[in-house]
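Here you get one chain, nothing else, as structure tokens; it is the form predicted alone.
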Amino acid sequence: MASSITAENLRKAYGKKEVLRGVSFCIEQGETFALLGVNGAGKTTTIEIIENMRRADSGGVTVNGILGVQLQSTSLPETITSSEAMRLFCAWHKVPYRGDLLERFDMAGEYLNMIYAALSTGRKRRLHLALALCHNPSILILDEPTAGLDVEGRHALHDEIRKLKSEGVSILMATHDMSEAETLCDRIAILRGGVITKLGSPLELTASSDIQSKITVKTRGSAEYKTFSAINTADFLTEFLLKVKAENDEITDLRVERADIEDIFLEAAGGAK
């Protein structure tokens, strides 16, 4: 499968401070890829190099397709309307006016002529995404796409991101929302100190973790729940079930809590979000 974005051995320093120390990854066509890291880990610098807004000291980036960017915030004038903003972006990209995108993201009707300053955070996020798509990019960069949104707003934008993926758009997402990365992304890269410390699918990252699973069990012969920790859940459960059977007991409730992406992130990123 062809790669939409390939980053090879990116290095960048600001003075004596090395921000990127050999960052390499590729994003396959149609893949949703998350870049995670604490503030200062190198996420923003990596994304700005991909967007050609910043130059790497060494290494390189290959982008195979048209790039669209939805920033966390924009420099749109406070008095510009959604319609005017779309006309401006379409003119800049030399494409016809995309009123269909404003309709798709529920920014038509009463929101069409509403000034930017009067829009809610959720409506601004919808407008940003519509503007990023006005030139039909095959690759989309999302920087904290749901930051500041309520539950309903997050779900709505998540649905749109899934639709874009189903349409074959490759997506690079930078987010601090671990559940967002786990549910939306095919693969996740975790940056720490300018290098990638973890890379894989959510299932691969959680399955390969040394973080112990929490196992809570209640049997018919026990009045209370008992909680255990185990790295190898399968081996523990096999031995525990044999023990329960030998005691002529029966399990009435069993819960297994494996490490999730937030646990993996906290471990790989140095213990801080």
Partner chain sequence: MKAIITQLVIQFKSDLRDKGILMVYYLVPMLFYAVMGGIMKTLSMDTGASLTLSITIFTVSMSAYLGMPATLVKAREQGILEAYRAAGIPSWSLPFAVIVISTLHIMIAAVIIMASAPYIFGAVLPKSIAAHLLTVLLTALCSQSLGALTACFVKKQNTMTLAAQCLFLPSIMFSGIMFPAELLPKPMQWIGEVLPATQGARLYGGACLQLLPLAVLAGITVAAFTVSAALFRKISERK
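Positions refer to the first chain, counted from 1. These numbers were taken from a predicted model, which means no experiment stands behind them.
The discussion below concerns the form predicted together with the partner chain, not included here.
**Student:** Among the candidate stretches 184 to 192, 146 to 154, 98 to 106, 80 to 88, which one is within 4.5 Å of the partner chain in the predicted bound form when only heavy atoms are counted?
**Tutor:** Contact criterion met by 80 to 88 only.
**Student:** Since exactly one of S229, N52, N39, T62 fits, which has a heavy atom within 4.5 Å of the partner chain in the predicted bound form?
**Tutor:** Contact residue from the list: N52.
**Student:** Only one of C26, V69, V244, L237 comes within 4.5 Å of the partner chain in the predicted bound form by heavy atoms, so just point that one out.
**Tutor:** Exactly one listed residue reaches within 4.5 Å, namely V69.
**Student:** Checking a candidate spot here: are K12, S75 and H93 all in contact with the partner chain in the predicted bound form (at least one heavy atom each within 4.5 Å)?
**Tutor:** Result yes, every residue of the spot touches the partner chain.
**Student:** In the predicted bound form, does L199 come within 4.5 Å of the partner chain, counting heavy atoms only?
**Tutor:** L199: no contact with the partner chain in the predicted bound form.
**Student:** With the cut-off set at 4.5 Å between non-hydrogen atoms, does I115 touch the partner chain in the predicted bound form?
**Tutor:** I115: yes, in contact with the partner chain in the predicted bound form.
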